[in-house]
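Presented as structure tokens, the chain that follows is alone, the form predicted on its own.
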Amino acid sequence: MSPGGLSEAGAAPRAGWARAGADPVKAVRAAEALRDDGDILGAAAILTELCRLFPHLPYGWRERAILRRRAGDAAGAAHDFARALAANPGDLLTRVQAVRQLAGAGRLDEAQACLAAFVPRTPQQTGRVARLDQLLAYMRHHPEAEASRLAMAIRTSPRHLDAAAVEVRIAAALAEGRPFSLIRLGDGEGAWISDPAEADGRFRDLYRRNRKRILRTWFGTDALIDRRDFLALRERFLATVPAATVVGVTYPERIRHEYGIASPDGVPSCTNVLRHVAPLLDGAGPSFCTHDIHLDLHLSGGLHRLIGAGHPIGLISCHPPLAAALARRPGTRLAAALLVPEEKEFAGIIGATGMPGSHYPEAFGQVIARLRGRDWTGVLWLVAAGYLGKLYCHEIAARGGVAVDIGSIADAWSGKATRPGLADLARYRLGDGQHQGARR
């Protein structure tokens, strides 16, 4: 695509400008709304007109560059980022996006030079520049080729299972009364797999930033970042990985995406998951699958078949009505339902549970005590509890039960689109299971 290719398709730039009433502020808001709705061409049309009328301002150039990068137009994105930087060399947001664009294209030397040309003026800017510098260092130390090799080694291993094979393994464990634990390791878990002491602390600021971000997502605060009891919990979490029956991990396509956008959280978190689990391929240990296995099991009908197979069901989630919805399904026997607080980043979508206290340590201690209180042999537990859910799965399997980390599927079953992939909620309804049997 040529540098002007993105803006030449779709509605004419001036038409988009006219719909915004020729008001620059309204035009900016309109472009952002179109972008957020997925109308890339519509947003680009307005931004193109902003660039024409206000070429001395970085906003239009920068935002159009981001759209071009998203559309795969690396040359056009580089052109627009250069214009944005020329318009205002001191704009840090533009600088950060330009550095990430260069790094995502594999041009790490140019990215480093672009970053080095910026002189921070505040402590906040100094910190952000330091973290970006550490991201570039990480991408040099652990290049995309390394991460892709690890991801492919797992995918092509005989121990890698597709959704059908995972369903068979779960069903067999239930039928035979054997313990089973399926956990999934995503960005959040990767942030806590990452060790700030690695490489003599070379990536410490980057890792801490990612830990703080995910703590705010989970708990609405990053106050736990240095608490000894929560840090000690990390060792228990790491122990769940080799002890699990099946572990869902990052796949090659996700690695390509994260490195392609030089994601400060996605690159180290996803890669460190792979670096942590890859050695388990060499000996006896868990099987593997994609960390999107919860979506695959739903869309294949596997979860519905397992739920309707007559085994008692346990549930851990933040959705008070979900247990009742499961109990109404024909053939479903609900054995237990434990409620945990919602992830705070999604409270506006999920709604508050009304539970007092926080997930950690208050609710966590209560759930662990309940799980340790009896034998769960033959019970299928559906666990949707984030990072702490891996520990719940471990406790269930240790007491004979079958634990499946269903993550955001619990949100979708409750009619809450907490992730972009769940936008089409009709595909993810709980229903009665009668129309969910066709495999993809």
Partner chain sequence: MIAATLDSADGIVMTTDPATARERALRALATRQPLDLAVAVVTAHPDDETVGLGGAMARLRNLTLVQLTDGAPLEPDVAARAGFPSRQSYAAARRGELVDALAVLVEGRLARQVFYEIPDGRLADHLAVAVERLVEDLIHVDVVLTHPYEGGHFDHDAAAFAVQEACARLARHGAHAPTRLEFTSYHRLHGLLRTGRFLDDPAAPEIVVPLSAEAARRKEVAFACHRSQAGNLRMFGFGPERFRAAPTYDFARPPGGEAMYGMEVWRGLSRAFAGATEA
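Numbering follows the first chain given and starts at 1. Quick caveat: nothing in here was measured; it's all calculated off a predicted structure.
One more form of this protein, predicted in complex with the partner chain, exists but is not displayed; see below.
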Evaluate A243 for contact with the partner chain in the predicted bound form, applying a 4.5 angstroms cut-off between non-hydrogen atoms, and reply yes or no.
no
Taking heavy atoms only, is R333 within 4.5 angstroms of the partner chain in the predicted bound form?
yes
Does the 4.5 Å heavy atom contact test between D37 and the partner chain in the predicted bound form come out positive?
no
Does the partner chain come within 4.5 Å of any heavy atom of P55 in the predicted bound form?
no
With the partner omitted here, the residue among L238, L224, L161, L338 that in the predicted bound form has a heavy atom within 4.5 Å of the partner chain is L338
So the partner chain isn't shown here. In the predicted bound form, which residue out of S263, Q366, S287, N88 has a non-hydrogen atom within 4.5 Å of it?
Q366
Three residues, P321, G373 and R399; all within 4.5 Å of the partner chain in the predicted bound form via heavy atoms?
yes
Within 4.5 Å of the partner chain in the predicted bound form by heavy atoms, the stretch out of 270-278, 324-332, 108-116, 289-297 is 324-332
